[in-house]
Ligand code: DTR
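Next up is one chain by itself, shown in structure tokens, the form predicted alone.
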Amino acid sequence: MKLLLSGRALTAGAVAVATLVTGGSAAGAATAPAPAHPAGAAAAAAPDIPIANVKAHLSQLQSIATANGGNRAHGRAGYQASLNYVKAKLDAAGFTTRVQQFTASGRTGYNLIADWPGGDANQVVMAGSHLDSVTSGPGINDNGSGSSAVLETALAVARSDYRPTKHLRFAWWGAEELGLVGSRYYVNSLGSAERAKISGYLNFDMIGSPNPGYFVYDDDPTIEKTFKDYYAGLGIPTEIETEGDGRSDHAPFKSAGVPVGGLFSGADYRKTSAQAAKWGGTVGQPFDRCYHSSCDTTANINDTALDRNSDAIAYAVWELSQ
């Protein structure tokens, strides 16, 4: 998640689309209640997302950062290696991938877009996360957590050979930490007709915070209810997400009129006593004490939050696409 800096203006230079050359399971959260569907409809159930698989992706992103100056930031070798890792997994699973190139702060950046073949191309459900870190650390919670969970959800689509009614698209954004540059570039690259085909964009930025909360975006009522229903089925109370308003990659979509939603486990705001009573954890401490710091490593993840949120992503993708 990008820092909120008042008065800061950032622009992305338009560059043509380009293509890059790409170089165990644990029990998940409890099953949420089955949603209501029209009579006679056979709804596919979302799979459990194996937390071990999500953590394996995080370990790979940590190794990439360690080998590339300690970060995976925009315009640095660690970012391109991260993108190549994700792209290779998706290509092998049967997705149609493309890499979109842009310029920010004098460096070349990249978005990765992956489409699952089939579904109604006039009704697109997107799930995305930013893949870049800040320069000061490896960015494992911010935002390796969202990136890895979205990746594993996409791979679960392929493993199950899921055939939704709507078309599924997944995205990993570049240069979010410089002001949502990659996602804004993508949204601006779409004509109004293409933007109108996106029935929902789901954003996942920081979902494994070590002192976690369970926050749901309140931007679109249908998407919000989908996530709230999931957590109600687990008996876990949620709160409306306010810390990240306008600070992550849903913002350009929302500004363009696309319905948006998402999940968040907290950044540098401090947990209140009321929140600790609901969720456990440490009162008065930040949700993520390593936010934008060198200690945002694989040790900076709460496995329970990561597991629950990863399963919630799959639940929403399945529920909103059929």
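Numbering starts at 1 and runs along the sequence shown. Since the structure is predicted, the reported quantities are computational estimates derived from the model, not experimental observations.
This next part talks about the form predicted in complex with D-tryptophan, which is not shown.
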Worksheet item: D-tryptophan isn't shown here, but in the predicted bound form which of Ser148, Ser248, Ser82, Ser209 has a heavy atom within 4.5 Å of it?
Response: Ser248
Item to complete: Select from the listed residues Gly78, Pro252, Gly200, Gly244 the one whose heavy atoms reach within 4.5 Å of D-tryptophan in the predicted bound form.
Response: Gly244
Worksheet item: Where, among 113-121, 95-103, 184-192, 236-244, do residues come within 4.5 Å of D-tryptophan in the predicted bound form by heavy atom distance?
Response: 236-244
Worksheet item: Every residue in Arg169, Tyr230 and Asp311 with a non-hydrogen atom within 4.5 Å of D-tryptophan in the predicted bound form?
Response: no
Worksheet entry | Contact flag, Arg289 vs D-tryptophan in the predicted bound form, heavy atom cut 4.5 Å | no
Worksheet item: Taking heavy atoms and a 4.5 Å cut-off, does Asp219 contact D-tryptophan in the predicted bound form?
Response: no
Worksheet item: Using heavy atoms and a 4.5 Å limit, would one call His130 a contact residue for D-tryptophan in the predicted bound form?
Response: yes
Discussion item. I'd like to check something about Glu152: if you look in the predicted bound form, is any of its heavy atoms closer than or equal to 4.5 Å to a heavy atom of D-tryptophan?
Written reply: no
Discussion item. With D-tryptophan taken in the predicted bound form, which residues across 264-287 come within 4.5 angstroms through any non-hydrogen atom?
Written reply: Phe264, Ala267
